[in-house]
Ligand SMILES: Nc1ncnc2c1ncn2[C@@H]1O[C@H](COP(=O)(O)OP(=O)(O)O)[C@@H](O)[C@H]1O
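One chain comes next, on its own, written out as structure tokens in the form predicted on its own.
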Amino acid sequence: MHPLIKVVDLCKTYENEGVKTRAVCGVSFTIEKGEFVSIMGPSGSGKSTLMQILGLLDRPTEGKYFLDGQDTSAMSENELADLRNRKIGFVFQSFNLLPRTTVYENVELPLIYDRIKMSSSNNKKVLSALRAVGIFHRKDYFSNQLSGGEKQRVAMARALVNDPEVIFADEPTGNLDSKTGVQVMEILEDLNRHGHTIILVTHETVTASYAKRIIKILDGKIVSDREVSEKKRQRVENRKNIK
């Protein structure tokens, strides 16, 4: 058995007009299937760069990244795109929905891109994903007719429809009010309870505490990696009850 994610001495250096900036340096950790992990840090800490690499949207400058046992470092761009579409789902702060397209069509997009999974069962998969996040009743609405919370539910359904190995949620509550943010985090908790691996990227302590493990990153390096204490998780439960 191998971990779902394994990174070894990962580094990412950007160069601009001859000036080199290390965004991530010497990062190593593993994430097992079924975990709910938060990568937490302030703006500029390197957490977004790390998520870009883990999500196969960028390549490391140094080090190794294994996804589900596969070494991604020697893969071509096409191979990475194929692996990304099969193994990874994304939920972004800005939703990234097509505005004049229905909810159903937005959620179906990953299936259309994946020709291997294209089949007559697409409709069943889309409707199942919509039900899982509580947005089935809006399936025929255009995305620009939805509230912010509804848009984020659509984004989660789209991330879920391909049955990915891991779902990345990048500041998923950033554009939402506190009540709607709690609802979105509860959906992610529920998806994790049903076996989905969730990796949450956030700068908010309370949001991070929904996870079962928090990896803190600062100046491109991991400064702590620990399980979320029962006391901290209880504070999250109390916050939900208040809302």
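In case it trips you up, residue 1 is the first one in the sequence shown, and so on. Between two forms, the rigid core is the largest collection of C-alphas that superpose within 1.5 Å. On a predicted model such as this, the values are computed, not experimentally measured, just so you know.
The protein also exists as the form predicted together with the ligand; that form is not presented, and the subsequent description refers to it.
Q: Name the stretch, out of 66-74, 187-195, 30-38, 47-55, where some heavy atom lies within 4.5 Å of the ligand in the model of the complex.
A: The contacting stretch here is 47-55.
Q.
Can you work out which of L10, A23, V228, I222 has a heavy atom no more than 4.5 Å from the ligand in the model of the complex?
A. Among L10, A23, V228, I222, a heavy atom within 4.5 Å of the ligand in the model of the complex occurs only for A23.
**Q.** Any non-hydrogen atom of G174 within 4.5 angstroms of the ligand in the model of the complex
**A.** Contact with the ligand, no.
Q) For N16, is the C-alpha shift between the shown form and the other one 2 Å or more after core superposition? A) Comparing forms between the shown form and the other one, the N16 CA shifts at least 2 Å.
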